[in-house]
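The form predicted on its own is given below as one chain in structure tokens.
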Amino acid sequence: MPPPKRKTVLVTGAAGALAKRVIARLHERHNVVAVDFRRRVETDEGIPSYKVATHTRGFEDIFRRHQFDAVLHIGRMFAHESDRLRRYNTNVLGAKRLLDLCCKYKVSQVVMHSTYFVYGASPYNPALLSEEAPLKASEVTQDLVDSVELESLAQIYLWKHRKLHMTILRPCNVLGPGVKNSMSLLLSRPLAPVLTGFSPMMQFVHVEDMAEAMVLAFERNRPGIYNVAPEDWVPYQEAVVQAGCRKLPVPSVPPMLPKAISGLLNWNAFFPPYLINYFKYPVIIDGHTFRDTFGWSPRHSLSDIFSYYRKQKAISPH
């Protein structure tokens, strides 16, 4: 029996911890091309690597040079990396350009990495949020408009351009070595802000398990929208303790006070004012559809995840 055909796959955001792990897994069975708008990353032999922004002219040259079977779109600019306008151009307009090129060059599959933040943090959220729940993040803060618009854009292409076989993944907090999102930066610190009187339940997935989820979504090709989360969760303040942080209480009354403190102390990278509600109200997503459809089960426990941050503090306590 002949071996399965090696597909040619474009992975964006190649400089990030998640994309690096996805590329390493795919390289064993497929031809991979790596792209990042921040820098050209060093890759294993046989993996072309480019530094180019998706909304620039040079990005199309990569599509001309390689005949892609699939695109795994992971690259995204975080809120603490740039201002709102540049982030919108990169995350939303860049994604539209990418999807237009996928249509033009007849790419037959797209996997889009989104976020659970799109649901919004509200005291009225149900205990478990399914994929059908409304996306209310932009009602909470304008700083998440790009995340919600990216989702809306992807859903338009999902239903309008069926030949793209698009899969949208909404993971919970991704943590682990090399991850530089807000939550990972926060748990890396010796002191972690906690809002007095609040400790919402939170979900966490190890970056290795998320990489496996991305690869499964690609190789099993079941288009649709999926939450990605384990079956367990933990109160935020317990997570802080388990990660080896000391709690730094922040007054939560009046409601604007924690946002003012965060802005005044320039905590935008790890405790940004626009995410304050996520440290007050639970946003627990129901991931059973993804687990059942793709046979995915996280291999790393919460204890495994938090032990990484404890060990990092033991190596470098300050």
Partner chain sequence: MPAHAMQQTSLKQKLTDRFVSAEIQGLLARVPKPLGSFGYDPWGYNEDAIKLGVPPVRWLYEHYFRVVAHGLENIPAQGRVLIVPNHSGQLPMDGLLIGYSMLTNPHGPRAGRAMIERFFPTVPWLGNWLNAIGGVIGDPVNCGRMLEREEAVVVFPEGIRGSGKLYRDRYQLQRFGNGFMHLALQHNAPIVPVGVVGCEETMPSLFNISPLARLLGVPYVPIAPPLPLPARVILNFGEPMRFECPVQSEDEVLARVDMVKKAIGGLIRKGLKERKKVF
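None of the values given here were measured: they were computed from a predicted structure. Positions refer to the first chain, counted from 1.
If you look for the form predicted in complex with the partner chain, you will not find it shown, but the lines that follow are about it.
- Residue contact check for L128: one or more of its heavy atoms lie within 4.5 Å of the partner chain in the predicted bound form.
- In the predicted bound form, the partner chain sits within 4.5 Å of a heavy atom of I284.
- Interface membership of F306, defined by any non-hydrogen atom within 4.5 Å of the partner chain in the predicted bound form, is confirmed.
- The shortest heavy atom separation between G178 and the partner chain in the predicted bound form exceeds 4.5 Å.
- Among the residues L158, V234, L185, L101, the one placing a heavy atom within 4.5 Å of the partner chain in the predicted bound form is V234.
- Distance criterion of 4.5 Å from any heavy atom to the partner chain in the predicted bound form singles out G244 from the list G244, P171, G120, P193.
- Heavy atoms within 4.5 Å of the partner chain in the predicted bound form are found in exactly one of 265-273, 251-259, 38-46, 63-71, that being 251-259.
- Shown without its partner, the chain has T196, G197, F198, S199 in segment 184-199 as residues with a non-hydrogen atom within 4.5 angstroms of the partner chain in the predicted bound form.
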